[in-house]
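Shown below, as structure tokens, is a lone chain in the form predicted alone; questions about how it binds or moves come after it.
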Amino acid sequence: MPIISLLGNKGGAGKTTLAVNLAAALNQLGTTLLLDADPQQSSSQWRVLSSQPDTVPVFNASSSVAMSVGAQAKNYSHLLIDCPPSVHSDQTKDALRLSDWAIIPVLPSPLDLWASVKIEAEIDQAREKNPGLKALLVINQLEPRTRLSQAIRNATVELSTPTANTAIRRRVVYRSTVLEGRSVFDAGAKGAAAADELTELLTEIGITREQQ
């Protein structure tokens, strides 16, 4: 059972929006639980807004990530942890200690890229107890035609953490569906391109339908 953490060291990177949509993508492949370890509880608010009967369940894990994982792991095929926007929080440290993958969404901006450097140090420290932990930067809200977006992708090669080939583009459907407690998978043709890129991202970390 893979455990995936979504983390960042700066607010506003679209972490929770990516978390709920990746959870929805995983739910297409097998039973999935989203653990909301962020004290702001944005993932939990998303779930409250939902009227979809098959929406991914969300569990409040902000008080203890380790206990939540221990209690829930046997009941699901996948666990995804929405961490606080700080690598120094106890929740993030516990999540990294327990996870197979750390996914780090980064906006195509220098400030976000610089903030990710501190994440690399925390991941290296977590590997002392969890040597199998793998990490991947994901460029989020990409606008492919801008020079800045291309420059940021080029700059990520200077970091030790690899960058996903799949970038998450800036799409209205991500914002519109999350405000309704839905995911892009509930948006039909309007969400098809977004759903495809999420599926491609999961393929990059080795999670495909054939493996379920």
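Sequential numbering from 1, following the sequence displayed. Every value quoted in this text rests on a predicted model; they were computed, and no experiment measured them.
Separately, the form predicted together with a small molecule exists; it is not shown, and the next lines address it.
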(request) Find out whether any non-hydrogen atom of residue 47 is located within 4.5 angstroms of the small molecule in the predicted bound form, and reply yes or no. (result) no
(request) Evaluate residue 26 for contact with the small molecule in the predicted bound form, applying a 4.5 angstroms cut-off between non-hydrogen atoms, and reply yes or no. (result) no
(message) Is it the case that residue 168, even though its partner is missing from this view, gets within 4.5 Å of the small molecule in the predicted bound form, heavy atoms only?
(response) yes
(request) Using a 4.5 Å heavy atom cut-off, state whether residue 99 contacts the small molecule in the predicted bound form. (result) no
(message) Since the partner isn't included here, can you check whether the small molecule sits close to all of 11, 14 and 140 in the predicted bound form (heavy atom within 4.5 Å for each)?
(response) yes
